[in-house]
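Below sits a lone chain in structure tokens, taken as the form predicted on its own.
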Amino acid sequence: MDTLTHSSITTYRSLERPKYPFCPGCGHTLTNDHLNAALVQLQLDPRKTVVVTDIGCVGMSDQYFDVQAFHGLHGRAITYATGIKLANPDLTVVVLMGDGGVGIGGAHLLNAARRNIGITVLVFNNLNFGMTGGQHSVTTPHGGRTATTRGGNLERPLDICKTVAAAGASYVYRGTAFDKDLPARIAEAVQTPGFSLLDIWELCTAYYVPNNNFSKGALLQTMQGLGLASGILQRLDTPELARAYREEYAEQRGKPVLPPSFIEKKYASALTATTRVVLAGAAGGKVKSTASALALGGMYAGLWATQRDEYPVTVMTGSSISEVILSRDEIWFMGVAKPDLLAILSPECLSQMTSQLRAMDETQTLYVVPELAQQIQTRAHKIVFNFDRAPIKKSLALTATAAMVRHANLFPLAAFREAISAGQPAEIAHENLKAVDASEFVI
């Protein structure tokens, strides 16, 4: 990004990733370039712009834009985008998904249009499942040959535009990745207050093109042959749900939805450099809640803090990993590829930490439980916890993190203690604080 000053943004494309990962001739490249042109036209604040993707070739797109991003499960992009928009209506939320995701997440598509959620959906419609080998999708034309319809598709394709228009979408457009005016249409859709969808037909040069002797001309002929109109197909002026909900709630209750909650600075931190902390332990081992207390303690000490968690769908089994960044400056990227402080607390998470351990050097610190100390090879400075005088097994993460706060001098331990007690019943807070006190003997 050139700068955060709106008037001088010339591209929203990541300069660190100048080349897309798509096949030669793939329509995704064109559509992403059109999206970038639309964003430049609109001069949106990248800090308040969110690109949401799911699985599929198009799901690789979000990392190529210098805006906020969310990547999730196949067919669920609209669901995530809905939650993001409802939580903060001031954000600009753009969904990038394929025709495969539309079919898998059809119920989400219908309900987002019906509710008129203020998100913009760009369907990268290449008429098949490109990432998994060219199987037919809900938009594969009748007669289309794919990996699963070798004799020609017998099903009728879904008219995505007519479907969302009937459900009440505010803005509906159909065109191709070759349309010169596509950036302008995307910009119009983004500026529309309610639900917007652009069905953008593309060429899948890896599968659909060779299987069907397809081309740009055939793309347009197919659209016309199916009786699918192109251009702007619907424009409605109806209330957008996220704002309508807040207005209705405020009128009924006399107060805003989710009023701002401020965290008061109560302590001082000696931290001078941005510090990336990773807590890695077993599921059910209080890793996530401990990381939350670490982040909140940092905020009590006047620091900016972010938290990102990774854990399995199963309960009480597998690994649990939390990343916390503490900084005196505002944090714009939450990823942690190279931790400054890494605490490995159980064997379950060891396989997940290979790349981080490899990236760490002598300037970083690894904290590790005794049973894993000999297994782990790293250039980082290694600190082995000693729990002989602190046998609080179920609160291992709390004790270890408190010891790390002390050892690394992240901020006063009193801030961590207060964060642990915040919102907790007295008896639980009491047990947790005992685990913190035991950290005195761990390092």
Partner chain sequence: MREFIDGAEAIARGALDAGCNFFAGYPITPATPIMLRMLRELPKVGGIGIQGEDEIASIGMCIGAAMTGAKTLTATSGPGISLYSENIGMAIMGEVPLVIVDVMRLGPATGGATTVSQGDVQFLRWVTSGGFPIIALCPSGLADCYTLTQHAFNLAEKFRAPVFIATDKEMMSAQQSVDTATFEKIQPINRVYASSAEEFVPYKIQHLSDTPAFAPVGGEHLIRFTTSMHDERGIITKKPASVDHKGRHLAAKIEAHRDELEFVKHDPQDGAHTLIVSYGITARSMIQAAHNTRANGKRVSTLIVQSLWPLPEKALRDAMRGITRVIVPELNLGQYRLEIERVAHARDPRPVVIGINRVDGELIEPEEIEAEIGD
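Being a predicted model, the structure only gives us computed values, none of them experimental. By rigid core we mean the largest C-alpha set that fits within 1.5 Å across both forms. Residue numbers count along the first chain shown, from 1.
There is also a form predicted together with the partner chain; it is not shown, and the following applies to it.
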Tell me whether D66, R76 and A107, taken together, all sit within 4.5 Å of the partner chain in the model of the complex, counting heavy atoms only. yes
Checking C26, L413, I383, I55 against the partner chain in the model of the complex, the residue with a non-hydrogen atom inside 4.5 angstroms turns out to be I55
Students should find that, of L154, A268, A273, A87, the residue having a non-hydrogen atom no more than 4.5 angstroms from the partner chain in the model of the complex is A87
For the chain seen here without its partner, which of 277-285, 202-210, 291-299, 120-128 has a heavy atom within 4.5 Å of the partner chain in the model of the complex? 291-299
Can any non-hydrogen atom of M334 be found within 4.5 angstroms of the partner chain in the model of the complex? yes
Looking at the partner-bound form in the model of the complex, is K48 within 4.5 Å of the partner chain by any heavy atom? yes
So in the model of the complex, does any heavy atom of W304 sit within 4.5 Å of the partner chain? yes
Please run the contact check for D159 against the partner chain in the model of the complex: heavy atoms, 4.5 angstroms, yes or no? no
What are the residues of 342-365, in order along the chain, with a heavy atom within 4.5 Å of the partner chain in the model of the complex? none
Comparing between the shown form and the other one on the rigid core, is the C-alpha shift at F178 2 Å or larger? no
Spell out whether the Cα of A305 moves at least 2 Å between the shown form and the other one when the two forms are superposed on their rigid core. yes
So with the core overlaid, does the Cα of E248 end up 2 Å or more away between the shown form and the other one? no
